[in-house]
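Single chain ahead, by itself, as structure tokens, in the form predicted alone.
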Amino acid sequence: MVASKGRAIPDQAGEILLQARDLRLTLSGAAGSVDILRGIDLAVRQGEIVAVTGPSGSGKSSLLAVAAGLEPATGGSVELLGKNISSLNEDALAKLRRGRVGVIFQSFHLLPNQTALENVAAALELAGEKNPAAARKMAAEALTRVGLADRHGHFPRQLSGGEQQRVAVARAAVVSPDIIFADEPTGNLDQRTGEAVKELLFDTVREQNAALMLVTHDRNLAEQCDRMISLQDGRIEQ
């Protein structure tokens, strides 16, 4: 069995969906350059649920953003779904992620002029669903699963922070992606709702034989994952 701080996972796990080699991120500011990621080596396989932990400022959210192709690395390489994304432009990255990668942002990133139902249905339409009625039906079912059956017609401004986060989770999971990247997916939720969202994410991974890489400060949530990766000053702690 592979050594893990969470549950043990089999040696013969699924194919590698994410591979980072000597991954580096350096940002420039008025005070000079700051090294955010300092040589990360990481692989996430099909069927795995991986938690990224560490203190604030350790590089967790930056690692997630670079791994998902939302921010370019300044060194090293990232292979996502078998493609080296370092050489891909924005259009090619969007095409690669469409329908195969789900992202749950800490700040939600919902479309303000669309209802909760429309926000979730839009993800299906972008993934290639041609039937608007079918997209709305699947979106409604996804919202019901995260406890928002009575919020389909509400706009983001009419929802609490926790409700917006649940819409974001439904939007990421509804397309049955190969891999989901989640930044504090239960961070703004009460315990009961957080547990429901966690179960939704875990069930999505298991049912679709996908992968989940999540950033969390919640030790209990991290320990329920297959593996924990702890960052400190932009490096993985051994």
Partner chain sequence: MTGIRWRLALSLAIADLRGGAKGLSTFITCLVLGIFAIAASGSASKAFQTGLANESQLLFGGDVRLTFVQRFLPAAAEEWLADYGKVASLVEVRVMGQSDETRRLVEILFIDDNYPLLGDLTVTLPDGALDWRDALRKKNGLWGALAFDRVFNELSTATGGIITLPQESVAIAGQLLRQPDSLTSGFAFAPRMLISSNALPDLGLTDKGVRFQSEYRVLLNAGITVEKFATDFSAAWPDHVNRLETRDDSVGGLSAMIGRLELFLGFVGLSALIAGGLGVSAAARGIVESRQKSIATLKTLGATGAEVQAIIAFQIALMAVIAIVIGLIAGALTPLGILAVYGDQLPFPANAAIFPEPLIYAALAGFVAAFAFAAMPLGVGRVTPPSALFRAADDRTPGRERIIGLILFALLLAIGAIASDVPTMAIMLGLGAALSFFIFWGLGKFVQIGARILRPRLSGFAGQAVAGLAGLGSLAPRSAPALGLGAALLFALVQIQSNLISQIEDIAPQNVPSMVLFQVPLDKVEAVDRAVEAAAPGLETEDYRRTPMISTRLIERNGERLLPDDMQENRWFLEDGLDATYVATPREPERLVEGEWWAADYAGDLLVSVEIDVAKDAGIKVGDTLTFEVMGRTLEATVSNLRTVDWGGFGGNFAVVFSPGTLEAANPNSIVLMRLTPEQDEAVAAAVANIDAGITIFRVREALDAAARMFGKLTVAIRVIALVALLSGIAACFAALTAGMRARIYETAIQRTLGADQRRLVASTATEIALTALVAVIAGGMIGLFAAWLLIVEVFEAQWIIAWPELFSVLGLTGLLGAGVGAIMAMIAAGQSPYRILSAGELR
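Positions refer to the first chain, counted from 1. By rigid core we mean the largest C-alpha set that fits within 1.5 Å across both forms. On a predicted model such as this, the values are computed, not experimentally measured, just so you know.
As for the form predicted in complex with its partner chain, it is not shown, yet the points below apply to it.
Although the partner is absent from this view, residue 111 contacts its partner chain in the model of the complex, with a non-hydrogen atom inside 4.5 angstroms. For residue 70, a non-hydrogen atom is located within 4.5 Å of its partner chain in the model of the complex, even though that partner is not displayed. Not displayed here, its partner chain is approached by residue 62 to within 4.5 Å at the level of heavy atoms in the model of the complex. Though the partner is left out of this view, residue 123 does reach within 4.5 Å of its partner chain in the model of the complex, counting heavy atoms only. Only one of 161, 82, 132, 75 comes within 4.5 Å of its partner chain in the model of the complex through a heavy atom, and that residue is 132. Residues of 90 to 126 placing a heavy atom within 4.5 Å of its partner chain in the model of the complex, in sequence order: 90, 91, 94, 95, 97, 98, 103, 105, 109, 111, 112, 113, 114, 115, 118, 122, 123, 125, 126.
Annotation for residue 188: C-alpha shift of 2 angstroms or more between the shown form and the other one, rigid core superposed.
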